[in-house]
Each structure stands twice: as structure tokens, then as C-alpha cells.
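Here's a solo chain for you in C-alpha cells, the form predicted on its own.
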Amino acid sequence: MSRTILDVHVLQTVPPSNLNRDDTGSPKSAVYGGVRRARVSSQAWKRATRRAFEDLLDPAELGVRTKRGAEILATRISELEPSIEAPEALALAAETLQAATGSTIAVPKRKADAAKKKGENEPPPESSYLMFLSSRQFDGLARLAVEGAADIKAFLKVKSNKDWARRIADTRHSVDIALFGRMVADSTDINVDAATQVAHAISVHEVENESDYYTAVDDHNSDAEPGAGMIGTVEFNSATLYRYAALDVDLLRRNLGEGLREDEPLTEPVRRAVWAFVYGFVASLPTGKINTFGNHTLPDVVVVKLRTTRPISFAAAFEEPVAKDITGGYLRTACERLAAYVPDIERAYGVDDTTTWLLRVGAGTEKLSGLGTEVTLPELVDAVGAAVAGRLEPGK
């Protein structure tokens, strides 16, 4: 059966930076091809992509991942029915959220004890782990809570009402939930399988972390106090990264649903999500130590392939680490590697039904010319969205 798979490959050069640090503060790394590489975790780039959605999509199409879902739901309840006071709204929210997700929503003992010692009011209830719910799901649960506000516990004991709460939590997923998935530990039946897979970004060459020793002067020191007010070190590296993500468009469509509004084509939700994902993944950047290093680069190369079989990463092109060019730099050689590897592996495996788009910047990327249709980023996201929508139309 033919599938619709989108592969996104990126080469991006990043100057001295610490995009994603480990528990000791060092930039993350990994051994690949026998040498140490710079690494940025998939979690870091997924979060950067999700944050980019805030500038690309309507808030109603997005979700919130938080332990404090009861507070969000309580706010929606009060907005829907202003006569419900805040404490009552919070209690309604906790009961409704509990019924919808099967999770315990309660005040954390540590926070309750701390508030009691200080003589403060009891803090709001929370779930014991991060929950991911869409804006539309919060709205639906708020309407249900208002309907059962007279006696919410008795209302939710009625099987049909409890089932409805769970259906609300399991339908009309937001774009970010549909793309990146959701795990509800207490109710696996409302989990959402992620439609996208994001690889850890790795440098195409060997990397050694460096250390910056810094001092900070106290502005109020007098001439008699010449010493530094603070000293420290911060680790960093610089790298040409290979980034990769795969998107299962068929699964995305199942997660999102079709034609959420009567005035839009059935494929519009998926087209919009694909558009946002490609734009967000390509243009986003994790913000670790960004104020220290200001490493705001954009990719030098983006290759997007629309496939009908399975995802294919090109990381193997860099299993042997790239050596720096005779004039310095790794990008030109990385492009040469990719230009040779992609046709080789697709020919060897008989992969000849892909559509390819190429975004490239500068003379160092010329070897990739001919790999696909050359486009700008706005042209790329529009073309990919239209191609995906075309493949998903009824009868295709």
C-alpha cells in the first residue's frame, strides 16, 4: 500500500554555542563513526519547533503541555459561566480532568506543606506528570464541567457522561499533539502516536568541546577593589550539523481528522500542519545559552523528499567524519558527500518515485544542484503543503 512520507534533511552551521547542555552544563555529544560529534537532542529541537508554531498557527490549533491543566480548565470554566467562582471552578476542573484522563489531580504534598507553613492558601491541584491537551479539548471539557456543575461528582458517575469526557480528551487533537504524540500514563487508550520522528542532530565532523573562562566586574567596585565580582567557565563548541526529521502524513491525518470546519477542504488540516511543521523545523533553533553566544544561524541546505515507501535518513553519508576543506570549513565537503550519497542509495534500493525540493545557500552548496527543484523557504512550504494535500484527496 502506498504511503505518504515526508523526509526533511538539513545542513546547518552553528558558530560557538551551547544549544543543548547535559547535566554538567557541557554541550551534548555522541560518538558516531568512531569519533566524538556535537549533538543536539531531538527533544530540544522538537520544543523549538513547537515554540515556532506560536508564530505560525492560531492558538486554537495548538496544545499545552503542563501539570497545571486544572488551572487552565478552571479559567475556561469561569469564562464560559462567570457566575462560577474561582474556587468552585478549580474543583470542577479537577474532577472533570480526572474523569477525562484517569489521572489523579491533587495538590502536591510538598507545595501544600510549604503553603501551610507560610500561612498561605492551599495551592491549585496538579497532575503528577506533564499532560498534553489541545485548546479545543480544554474548551470541550469546560462545557461539560459547566453542564454538570450542580453536582459534578454525581454527574461524572453517569457512564455516558464519563465516556463523553474521555471522548473529548481523545478527539480534535491540536497540531502539535498530532505531530509529536501524547502519552497518558494512567489511560493508555487516549495516547496519541507521534506522526513525526526527529533525529538527534549531529555534527558531520569530529568536535572537541572548548571552555570559556570569564570574569564579571562589579559596577560598584571602587578603584581600591580591582578584583572581579564573579568568575566562571562555560563550555561550548561549533559545528556543521546534519538534522533529520520524518513525517508520516497518513498518521498525521488520522490524528488530526479531516475537514474540521465546513468551509474548508477535507485535506486542509493536514496541509496546514505540514506547512507549519516544515517551516518550524527548518527555521527554529533551540535557545540554550543563546544570550551568551547569539548563534542565530539559518540552515545552509534543506532537502525535502516526499516518498511513498518508508523514511530514509542520510546520516550514513557522514559515518566517516568530514575533514575540513583545504581553506577551512566543513560545509562544502558535507554537500559533496550528500550529493554523491543520495543518488547512490536511492539507485541501489530502487527508490525512484520521490519528489524532491532543494533550498541551498552559497557557492559551497553548488554540488547539490540538480538534486531537486530549487526553491526558497516560502516556496518550499507552499509546494510541500500543496503536494501532500494533492496526494490525500479522495480517489488519489
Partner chain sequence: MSVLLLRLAGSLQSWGSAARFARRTTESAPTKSGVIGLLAAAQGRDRGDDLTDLAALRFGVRVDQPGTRIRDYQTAHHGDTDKSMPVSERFYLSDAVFVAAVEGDGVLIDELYRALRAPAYLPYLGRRSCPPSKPVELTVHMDVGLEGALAGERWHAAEWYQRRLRREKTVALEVIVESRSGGDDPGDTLRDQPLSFDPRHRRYGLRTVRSTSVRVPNPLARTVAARRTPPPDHNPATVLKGV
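Treat the numbers as computed from the prediction; the structure is a model and nothing was measured. Numbering follows the first chain given and starts at 1.
Not on display, but discussed next: the form predicted together with the partner chain.
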* To do: May I ask you to state whether Thr354 is within 4.5 Å of the partner chain in the predicted bound form, using heavy atom distances?
  => no
* Taking heavy atoms only, is Ser369 within 4.5 angstroms of the partner chain in the predicted bound form? -> no
* To do: Evaluate Arg253 for contact with the partner chain in the predicted bound form, applying a 4.5 angstroms cut-off between non-hydrogen atoms, and reply yes or no.
  => no
* Asked: Is Val304 close to the partner chain in the predicted bound form, meaning a heavy atom pair under 4.5 Å apart or at it?
  -> no
* Go through 221 to 229, 100 to 108, 308 to 316, 274 to 282 and give me the stretch that gets within 4.5 Å of the partner chain in the predicted bound form, heavy atoms only. => 308 to 316
* Asked: Would the partner chain in the predicted bound form be within 4.5 angstroms of a non-hydrogen atom of every residue among Trp164, Leu380 and Asp382?
  -> no
* To do: For the heavy atom contacts within 4.5 Å of the partner chain in the predicted bound form, list the residues of 25 to 50 involved, in sequence order.
  => Lys28, Ser29, Ala30, Val31, Tyr32, Gly33, Gly34, Arg39, Ser41, Ser42, Gln43, Arg47
